[in-house]
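Next comes just one chain, in structure tokens: the form predicted alone.
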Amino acid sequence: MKRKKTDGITIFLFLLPALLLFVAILVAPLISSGFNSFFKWNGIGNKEFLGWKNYKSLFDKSQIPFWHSVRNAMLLAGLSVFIQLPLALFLALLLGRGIKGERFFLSVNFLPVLISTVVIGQLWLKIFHPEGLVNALLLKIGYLKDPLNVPQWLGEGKGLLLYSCFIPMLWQYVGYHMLLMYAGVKSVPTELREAAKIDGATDAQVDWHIVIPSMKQIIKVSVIFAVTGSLKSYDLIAIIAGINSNEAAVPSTLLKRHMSLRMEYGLGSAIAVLLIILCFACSIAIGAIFKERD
């Protein structure tokens, strides 16, 4: 009994540094944001208690485009799940068959993940520039008579700005999900593949009936990462569209706008709390969907 107690104390002491970091980095800021969301505060002066007014103002469509930002974030999540993930799965299945140059193509597809998001945002701004690659190619083949400027390419005022921001997101993160799924493909026993091939199954049938069902947990993780990552998206949208853009606004850019530019820390904290709740709700819902299918 005494030995078990000593072991428990030892385990607790080893876990204590990680626990303190978890509380300091995650739990404490969450509690602080939840507390500040009930006040009107500029981050420096005295706080004025408002109760639920910050949350009510977010649900008032005439004042703050919060619902519009949530809709944009959900649209990005849908595009990620139904475009980015299927493309990543296709690449993972293709590379998992052991094609020639497998390691090379794996590295090339994963390379954008290693590049800074700021660099990628600036890169795509240059691509859409009047003297950029896209304009040069279209002028060369005669599709355009005059080069288009950045707002025209990005669809400013045409409802296409958010889709233009999604293109570099797709390019950057498809390799990340591909690597996760590639690991799942490689974990399938070769005996199953060979047995199916002997029975006359094609590569597509092996992938559909054997490989994909065996990697459902990895697909679930990829879906959760894609959805929550889209809900928290900020960098590329802030660089390409700007944090003051209402057309491509997402909760993170709205939060940045109110906290950093307008010094409305209480309202920004309310946005942060709702964003956290939304991410948790989506994660739980995705887990429940995959559990039912299993």
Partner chain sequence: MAKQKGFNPADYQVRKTNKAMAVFTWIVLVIWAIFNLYPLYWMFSFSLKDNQQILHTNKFGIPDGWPSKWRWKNYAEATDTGDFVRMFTNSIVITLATIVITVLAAMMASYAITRIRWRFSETMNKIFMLGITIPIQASLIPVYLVLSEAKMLNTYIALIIPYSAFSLAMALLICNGFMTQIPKELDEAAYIDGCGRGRVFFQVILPLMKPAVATCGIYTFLQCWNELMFSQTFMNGDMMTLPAGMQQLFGSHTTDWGTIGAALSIATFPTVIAYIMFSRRIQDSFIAGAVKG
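Given the structure is predicted, the values throughout are model-derived calculations rather than measurements. Residue numbers count along the first chain shown, from 1.
Although it is not shown, the form predicted together with its partner chain is what the next lines describe.
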Contact check in the model of the complex: 40, 248 and 286 versus its partner chain, with a cutoff of 4.5 Å between any heavy atoms. Do all three pass? no
Partner-free chain; cross-checking its partner chain in the model of the complex, the single residue of 192, 74, 136, 212 with a heavy atom within 4.5 Å is 136
Taking heavy atoms and a 4.5 Å cut-off, does residue 140 contact its partner chain in the model of the complex? yes
Interface membership of residue 94, its partner chain in the model of the complex, 4.5 Å heavy atom rule: yes
Residue 146, heavy atom within 4.5 angstroms of its partner chain in the model of the complex: no
Next item on the list: Look up in the model of the complex whether residue 171 has a non-hydrogen atom within 4.5 angstroms of its partner chain, and give yes or no.
Entry: yes
Taking its partner chain in the model of the complex and a 4.5 Å non-hydrogen atom cutoff, the residues of 268-285 making contact are 268, 269, 272, 275, 276, 279, 280, 283
